[in-house]
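Below you will find one chain, with nothing else, as structure tokens; this is the form predicted on its own, and questions on how it binds or moves follow later.
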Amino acid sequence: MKNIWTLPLYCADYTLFVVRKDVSGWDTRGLMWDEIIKQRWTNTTLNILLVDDVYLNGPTLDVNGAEDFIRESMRIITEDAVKKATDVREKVCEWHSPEDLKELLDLQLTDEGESDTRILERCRDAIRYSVKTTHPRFFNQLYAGMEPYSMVASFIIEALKPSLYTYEVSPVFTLVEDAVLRKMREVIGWKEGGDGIFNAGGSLSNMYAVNLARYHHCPDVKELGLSAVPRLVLFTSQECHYSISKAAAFLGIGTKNVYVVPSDNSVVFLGLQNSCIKYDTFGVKGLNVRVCDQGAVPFMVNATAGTTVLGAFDPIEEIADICEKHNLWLHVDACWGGAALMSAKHKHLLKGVHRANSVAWNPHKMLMACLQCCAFLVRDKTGLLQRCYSARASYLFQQDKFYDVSYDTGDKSVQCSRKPDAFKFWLMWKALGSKELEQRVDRAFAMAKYLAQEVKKREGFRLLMEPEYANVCFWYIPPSLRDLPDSTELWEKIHKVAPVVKERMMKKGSMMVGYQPHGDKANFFRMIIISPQVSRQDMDFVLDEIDRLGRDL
């Protein structure tokens, strides 16, 4: 019996047919139309091209089959990752240990591919065993909730696979990013322009800021490296994001050259003032003079607008006065708190932000754009960002192109390939308008205030501090501990409560709320309230559920 097999080939008009081959060679008399294609003859001569044992005639992707797979995948996504994941009656997560989950997912990669049916099952499993961060009772992180317009924008981005370095390969998204950055600068208060870039995370934005501030202070560092600069130091509060110290380590500044200004804890925890930094230590007779006496050169101050744990805001206006007096770059990390700028009622929390040299702001947090969506904004209008980061790759940034090359913005980024994350914010903003975004922010503030009031009313709950933002921090004290005198021993026992309650809520799947210690404070719960899906009933449920899960401790 002859060894007969078939090869799919395409004519010049991409009409699909099949050629039969046996041991004696190509049998042109065996030319057959594929059953799925309308039968018609073409006068095109068949030329079979073989290179390195690979046939190059026509595409090898079955587009129709791909469309069917995508269509079925979208049905699963809509049903499981959108509808079920946002249903308050469903679990926030289906907990399994890492070893058990490895077995359930069958993570091994093999030489042979699987059928589409099996791959769709993989999709269902990935959704099933993932944490549903869009669930109304997910309060664990600084992002939450389902945003339909931004989600659709994400789908479009993935379908088109753009990369945002030159206008020629990404014309729409280049203009979108420019428009969004202009509007965000306007909201900050930079009426006369500025610069900026979207990048892969708030930590990266803070790293951009540290490097740009150093370049501004000493431009020679770009070409000559650390040998061209003295010992540089920067100031920040002990409440700042850890990315500041990471940036110092990564950029060769050194973590010991990050001068941490102590918080006035006695003030913070009384709730009289939530600002992170006690800035009377920051003046001419404070740290600035002290580090100069040590031969170090201050170049930057990092202020935080919305700290990760407490949701506290540094006094930007006062810090700006000090920075201007001593010619220091002022960066405001507003990754979390920047959304307050959208609210006429709450934007006072960032008073003075327009005086900053740079701002980091993540719309994927309070404003709910799909992850990730992070802007780094600069007040400078002289091209400082471009000069600091440009490498002038000639294969991308040719200066003799047929269009305005100022739209080739990729050389301002440390990345080459870069996703058009601004589109996820732009489409949402177009759909909702600034007024609806403002209402979302105001509602989150109001919901946090309601929860704080309920915490103060309930037996066994103790508020850590009055919330300044959407972070509500509190302790749960089980009945067995409520009559004990306030002592070190009591707080050691309270410290053990939150981890157990967290374990129980995760394994039950009823909700997700974070916890952590803070300085010398015992573990406490940190509720983050963002999503407009959340109701007063959900706030009540959280407190009831914590009590149910921890009453026996």
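All residue numbers refer to positions in the sequence shown, first residue = 1. Keep in mind it's a predicted model, so treat the numbers as computed, not measured.
Not on display, but discussed next: the form predicted together with another copy of the chain.
A.B. asks: Could you spot which one of 330, 146, 341, 261 gets a heavy atom to within 4.5 Å of another copy of the chain in the model of the complex?
C.D. replies: Checked against the cut-off, the match is 146.
A.B. asks: Let me know the one among 218, 119, 481, 322 whose heavy atoms come within 4.5 Å of another copy of the chain in the model of the complex, would you?
C.D. replies: Checked against the cut-off, the match is 119.
A.B. asks: Determine which one of 404-412, 312-320, 467-475, 350-358 lies within 4.5 Å of another copy of the chain in the model of the complex, judging by heavy atom distances; exactly one does.
C.D. replies: Stretch with heavy atoms near the partner: 404-412.
A.B. asks: Can you check whether residue 510 is within 4.5 Å of another copy of the chain in the model of the complex, heavy atom basis?
C.D. replies: Because no heavy atom of residue 510 falls inside 4.5 Å of another copy of the chain in the model of the complex, the answer is no.
A.B. asks: So, in the model of the complex, is residue 193 in contact with another copy of the chain at a 4.5 angstroms heavy atom limit?
C.D. replies: Residue 193 lies outside the contact set for another copy of the chain.
A.B. asks: Should residue 490 be counted as a contact of another copy of the chain in the model of the complex, where contact means heavy atoms within 4.5 Å?
C.D. replies: Residue 490: no, not in contact with another copy of the chain in the model of the complex.
A.B. asks: Report whether the minimum heavy atom distance between residue 231 and another copy of the chain in the model of the complex is within 4.5 Å.
C.D. replies: Residue 231 belongs to the contact set for another copy of the chain.
A.B. asks: May I ask you to list the residues of 57-92 that have any heavy atom within 4.5 angstroms of another copy of the chain in the model of the complex, in sequence order?
C.D. replies: 57, 58, 59, 60, 61, 63, 64, 66, 67, 69, 70, 71, 73, 74, 77, 78, 79, 81, 82, 83, 86, in sequence order.
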